[in-house]
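Consider the single chain below, provided in structure tokens and representing the form predicted on its own.
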């Protein structure tokens, strides 16, 4: 457990709240483990019929904590997804429906995790960014498979390669979110949505979700992505991207072939 993920059970809901607002809810290994443990446990808990993902502060999440990048870059070989990020495996295997409420910015895994959520609400000021290539990295969370399926190849390529943020209106129009609501109303709207799911026939809900997903396919793609992700973390391209980020300048990839 970690104080950076608040865990609450209420009215057949499991509410998981990212609670590291001073660091823009950047996700650490401890946070990933807590999220993974709670999501996995929900599948065998009959008192939980829906999972709700929230975030405190003015930002859903800045994505992966930079210290994790450094640790993975020093690893001798590409880790299995279970070792690299158990949260991703939990999302792929989850049978309990998941609702996410995105307040403000969502970056990197803050966007790709939404592809595993069954309903997504965003605040009207939300901005979604998947800047993997800008950091000399590749997509994760099976998003290289799920994102093109969700929004089409050209839009997915734009998000991954150009890394430009998309606003709430575009997120809804593209099918990344169900609807946008005022920031002040987001949490209540998300709770109402999750509660509505929790009132439906539970076995039918779980079966419907399972029929809409292929766990083995998702896990296989995560393994592929992990190999490429770690390889890029060890590359000169990533070193330049990371240095440029630290120096608050644009990276210069002109010397790479």
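Residue numbers count along the first chain shown, from 1. Note that the structure is a prediction, hence the values are computed from the model and not measured.
Beyond the structure shown, there is the form predicted in complex with a small molecule, which is absent from this document and is the topic of what follows.
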- Item | Proximity to the small molecule in the predicted bound form, single hit among 117, 135, 177, 151 (heavy atom within 4.5 Å) | 135
- Using the partner position in the predicted bound form, report whether residue 65 sits within 4.5 Å of the small molecule, counting heavy atoms only. yes
- Item | Interface membership of residue 131, the small molecule in the predicted bound form, 4.5 Å heavy atom rule | yes
- Within a 4.5 Å heavy atom cut-off, is residue 23 in contact with the small molecule in the predicted bound form? yes
- Message: Against the small molecule in the predicted bound form, would residue 105 count as a contact residue? Criterion: heavy atoms within 4.5 Å.
- Response: yes
- Query: Which of these stretches, 107 to 115, 164 to 172, 143 to 151, 181 to 189, has heavy atoms within 4.5 Å of the small molecule in the predicted bound form?
  - Reply: 107 to 115
- Message: Each of 59, 245 and 248 within 4.5 Å of the small molecule in the predicted bound form, by any heavy atom, yes or no?
- Response: yes
